[in-house]
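The chain that follows stands alone, in the form predicted alone, written as structure tokens.
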Amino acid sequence: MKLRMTRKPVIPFVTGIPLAIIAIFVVASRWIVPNATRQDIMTGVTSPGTAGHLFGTDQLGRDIGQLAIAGAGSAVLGPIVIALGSMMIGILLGTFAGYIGGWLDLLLSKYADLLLALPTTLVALVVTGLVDGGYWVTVLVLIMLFSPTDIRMVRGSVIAQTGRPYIESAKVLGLGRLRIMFRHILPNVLPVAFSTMLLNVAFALVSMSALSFLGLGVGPGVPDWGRQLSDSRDLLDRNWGSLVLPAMLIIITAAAINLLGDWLQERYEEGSVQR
């Protein structure tokens, strides 16, 4: 047990380094690589390390490394909005369902079951394609498709809190339902909700990248990791960096967020057991 406790703080440090770098790319890419989308048709495709291009260039002569830095914004911002929007829906509906119960709980549970039965990426692909939606339409569709998991998670956590003595005391004091739900129960649910939100960011990152790879979400020419993978499918024999770099960024970012979310959830569960 002692060895386990000494090793666990390593996880935030190890995951924090790549996430901090990605965050810098998201916030400051326009200043770091102001000419990321500049084309040089005469240069064309070059291999990694050629003519000062660390990861080479694509068929339009654009620097792969600069495109990857510029694409961090669209690759990461959307998943963060998806996770936040989904969690807000989950907190609102899950709290009401878990505390009030009855027909409202039944209705929201059936709604969550219906959406959970649908394949998320496939439904997003169909809906976004039918409405000819862009990036933010895709984000809205994924918010709705991710929300059932958060609703069920918050609902279960609220039900676990409802039977505790401090809630019974609040009822005896005559406090209203809304005050009990959002001032007493919700603060005890937020830690696990936050860790779940981090996991949703990782899942949404993969889903958004898959949709971009299939031609939905971001438009042509817009820097994005999934779009880079799609545009570089025919360049593997001439420039392997055009595929490897965006793929590794997606994997590293999703894995780091996932590990950090798992670590936070474990810490919260350990704290709950100790209390």
Partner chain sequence: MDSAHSHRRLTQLLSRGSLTRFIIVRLAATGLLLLVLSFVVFALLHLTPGDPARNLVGVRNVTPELLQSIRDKYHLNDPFMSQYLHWLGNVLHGDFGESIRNNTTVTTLLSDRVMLTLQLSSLSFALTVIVAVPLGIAAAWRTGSALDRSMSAASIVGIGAPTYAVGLLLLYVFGLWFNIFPVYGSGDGGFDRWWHLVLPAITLASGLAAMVFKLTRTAVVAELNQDYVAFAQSRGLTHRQIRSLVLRNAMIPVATSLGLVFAFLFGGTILVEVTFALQGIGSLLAGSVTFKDLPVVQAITLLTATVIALTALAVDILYYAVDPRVRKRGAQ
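Fair warning: this is a prediction, and the values are worked out from it, not measured in the lab. Residue numbers count along the first chain shown, from 1.
If you look for the form predicted in complex with the partner chain, you will not find it shown, but the lines that follow are about it.
- The candidate stretches are 66 to 74, 228 to 236, 24 to 32, 53 to 61, and the one lying within 4.5 Å of the partner chain in the predicted complex by heavy atoms is 228 to 236.
- With a 4.5 Å cutoff on heavy atoms, residue 129 counts as touching the partner chain in the predicted complex.
- Looking at residue 255, you'd find a heavy atom of it within 4.5 angstroms of the partner chain in the predicted complex.
- Although the partner is absent here, residue 173 is not a contact residue: none of its heavy atoms lies within 4.5 angstroms of the partner chain in the predicted complex.
- For the chain shown alone, residue 106 is not a contact residue for the partner chain in the predicted complex, no non-hydrogen atom being within 4.5 angstroms.
- For a residue to qualify, one of its non-hydrogen atoms must sit within 4.5 Å of the partner chain in the predicted complex; all three of 213, 240 and 262 qualify.
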